[in-house]
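Given as structure tokens, the chain that follows is alone and in the form predicted on its own.
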């Protein structure tokens, strides 16, 4: 499973706020990627849909104008940057695949500027403030890790992070890291205790994926208040980007309300050590898991 060359990996996380100015958002991301690279990062992960505001708070057809092709303008710019800095970049884009066919897509750009692969978000939410089913077709590329010069990356996106099946399938396919670009937050008028419970659940479920699969987890969320275009209360994105090791141990945890760029050292060899002590894959009883392919056991 482990990359034969890379033993430890310097991972850069960019947690940022966004505005309606797409060019300014991208310029901010590029500036922070440069800072992470200067600090030694060889892999830099951006948050979900980092080019602009989280437009899924309402169903508005004009927002389809924000979509772009892959390859396209953003991958061209980020590809040149990756080649210049000799790093791998995980970016999250609103993909226009065809007229009337769009995806929420994470694209991995190799250090030579080429596209190493992409992952189309599989689980699409449809909840107040998160009306993603209006915009995104569920992914059709499956749960396949993407091979890069820094390792085999298991990329999943936001709502995917709540599903243990997604993490498990990435692990079973040989992923060395689980990576979650994310856009999640609170409604400002929610009860304070409920806010704490929501954030704690979000952190806990991802730490559990690290533990259950013996893999490091990198989760990068956006931060800041974004207004509801229809005049509602909007969303306060809770930041809290983090990195854990393969036993769920925190290697880094960001603030809930500040922009941050952080470079974290991840020991890729620990997965081998941990899986020897906790051989979950060995002891899986796949002969009795057939019911999992049902939506519910009536």
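Positions refer to the first chain, counted from 1. Please read these numbers as outputs of a predicted model, since none were measured by experiment.
Omitted from view is the form predicted together with a further copy of the same chain, to which the following refers.
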Please pick, from 124, 146, 111, 223, the one residue with any non-hydrogen atom lying within 4.5 angstroms of a further copy of the same chain in the predicted bound form.
-> 124
Could you confirm whether residue 201 comes within 4.5 Å of a further copy of the same chain in the predicted bound form, counting heavy atoms only?
-> yes
Indicate whether residue 142 is a 4.5 Å heavy atom neighbour of a further copy of the same chain in the predicted bound form.
-> yes
Find out whether any non-hydrogen atom of residue 138 is located within 4.5 angstroms of a further copy of the same chain in the predicted bound form, and reply yes or no.
-> yes
Residue 197 within 4.5 Å of a further copy of the same chain in the predicted bound form, heavy atoms = yes
With the partner removed from view, which of 189-197, 84-92, 71-79, 223-231 is the stretch that lies within 4.5 Å of a further copy of the same chain in the predicted bound form, judged by heavy atom distances?
-> 189-197
What residues, if any, in 261-298 have a non-hydrogen atom within 4.5 angstroms of a further copy of the same chain in the predicted bound form?
-> 270, 277, 278, 279, 280, 281, 282, 283, 284, 285, 286, 288, 289, 290, 291, 292, 293, 294, 295, 296, 297
